[in-house]
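For reference, the chain that follows is the form predicted alone, supplied as C-alpha cells.
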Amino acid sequence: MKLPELAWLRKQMKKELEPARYEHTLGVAYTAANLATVHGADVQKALTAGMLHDCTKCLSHKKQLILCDKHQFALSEMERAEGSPLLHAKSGCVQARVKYGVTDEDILNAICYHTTGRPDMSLLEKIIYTADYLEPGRRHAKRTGREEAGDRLTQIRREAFRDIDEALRDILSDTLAYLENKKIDLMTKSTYDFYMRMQGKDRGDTYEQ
C-alpha cells in the first residue's frame, strides 16, 4: 500500500482550503497521529486521513453532489439537503480516492464517517472521529454554557488518550444533546446506541433486544 506523500498533501490542502479550515486540518492530522501512537494504530494512515478529512469542505454544495453522483456514491436524503453539514464527509471520501490516489479502505472509511461515526468502527475511524472533535483549535464541547463546555472538552481530551471508546461515547452523547432540537442523522444515533450497548457488555449489563 502506497500512501500519498504527506508534504504534498499539506501543500494541496493549503491551496484548496480556507486558512481557518487548513489550520483545523493540521490540528486534526497531528492530533490523530498522537492518538495513533498511544493506541497502536498506523501513524501514517492517521496523518493521511486527518489531512484529507475535510478536503472538499470548501467546495460548493452543488460541486460536492456532482462529484458523488459522477462516481455513483450513494447519499442519504439528509446528506443531499442544501447546507448539509454531512455531505463533505462523503464527497471527501470520493475526492480522496479519485484526486489524491488513496486506495486504503480504512482511510477512506475514516474520512467517510468522521461526521457521524458508525457502529463498530475501526480504530482508525475512531481516531479521526475523535481528533476532529478534540483538535487544539476547538475551544468548546458541544454543550450549552461556554465555561462548562470548555471544562468538558478538557475532560474528553484526557479520556481520549486513556480510553478512546469512553471518549467516543462522551462525544456522541454531547453531539446528540447538542442536536436535540434539530434533525438528527440516523447514523449518529445508531452509532451512539451501538457503543452504549458495548459499554453495557463490558460491564456485564443486559439490554433488551
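Don't overthink the numbering: it's just position in the shown sequence, from 1. Please read these numbers as outputs of a predicted model, since none were measured by experiment.
The next section is about a form of this same protein that is not shown, the form predicted in complex with 2'-deoxyguanosine-5'-diphosphate.
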Using a 4.5 angstroms cut-off on non-hydrogen atoms, would Thr188 count as touching 2'-deoxyguanosine-5'-diphosphate in the predicted bound form?
yes
Any of the heavy atoms of His88 lying within 4.5 Å of 2'-deoxyguanosine-5'-diphosphate in the predicted bound form?
yes
According to a 4.5 angstroms non-hydrogen atom cut-off, is Arg138 in contact with 2'-deoxyguanosine-5'-diphosphate in the predicted bound form?
yes
Lys57: heavy atom within 4.5 Å of 2'-deoxyguanosine-5'-diphosphate in the predicted bound form?
yes
Partner absent here, but in the predicted bound form, which of 31 to 39, 172 to 180, 158 to 166, 44 to 52 has residues with a heavy atom within 4.5 Å of 2'-deoxyguanosine-5'-diphosphate?
172 to 180
Has each of Ala20, Leu67 and Lys99 got a heavy atom lying within 4.5 angstroms of 2'-deoxyguanosine-5'-diphosphate in the predicted bound form?
no
